[in-house]
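In structure tokens, the next block holds one chain alone, the form predicted on its own.
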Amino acid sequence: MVEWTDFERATIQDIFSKMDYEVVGPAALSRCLIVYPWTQRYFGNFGNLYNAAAIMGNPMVAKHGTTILHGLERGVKNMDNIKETYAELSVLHSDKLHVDPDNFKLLSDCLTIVVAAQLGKAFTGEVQAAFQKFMAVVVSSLGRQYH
């Protein structure tokens, strides 16, 4: 079980309360697909992902990016039970979708960059540490089925 400080809890909740899921989610997933093009192989049914403009303008990428953030919101609401919160998604991504678990970390890094850009100077080292701790726990939980 992960121990959360009051600051970490408040910071994570604050970040997600200020986040525009329809902007941040698509931006993070688009960035991941552009920066790490091999991750596109999991989105073959999304149509045109041939270049950055196509990825950023793809409505299926945007929709899935928003879905990802709503999924992360579940973790924010269940910070004391994140592993169980994502147990079903871990099985889905492992057994059915066969997603390389390293991709969760890549997406987490892209999301951190987008959040940092959105928050600007408010994204201090302490805020980043709390956010990345949360994301590391989520990534670990999503990859749990692989172990």
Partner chain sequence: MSLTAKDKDTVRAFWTKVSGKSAEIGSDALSRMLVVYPQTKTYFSHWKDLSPGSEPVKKHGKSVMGGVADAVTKIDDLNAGLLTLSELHAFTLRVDPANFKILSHNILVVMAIMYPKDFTPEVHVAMDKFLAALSRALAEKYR
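Residue numbers count along the first chain shown, from 1. This structure is a prediction, so every number in the text was calculated from the model and none was measured.
There is another form of this protein, the form predicted together with its partner chain, and it is not shown here; the text below is about that form.
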**OP:** Answer with one of 60, 87, 35, 79: the residue that has a non-hydrogen atom within 4.5 Å of its partner chain in the model of the complex.
**Re:** 35
**OP:** Can you check 41 to 49, 113 to 121, 60 to 68, 79 to 87 and let me know which stretch has heavy atoms within 4.5 Å of its partner chain in the model of the complex?
**Re:** 113 to 121
Original post:
Is the gap between residue 129 and its partner chain in the model of the complex 4.5 Å or less for some heavy atom pair?
Top reply: yes
**OP:** May I ask you to check whether residue 109 falls inside a 4.5 Å heavy atom distance of its partner chain in the model of the complex?
**Re:** yes
Original post:
Among 31, 56 and 125, does every residue place a heavy atom within 4.5 Å of its partner chain in the model of the complex?
Top reply: yes
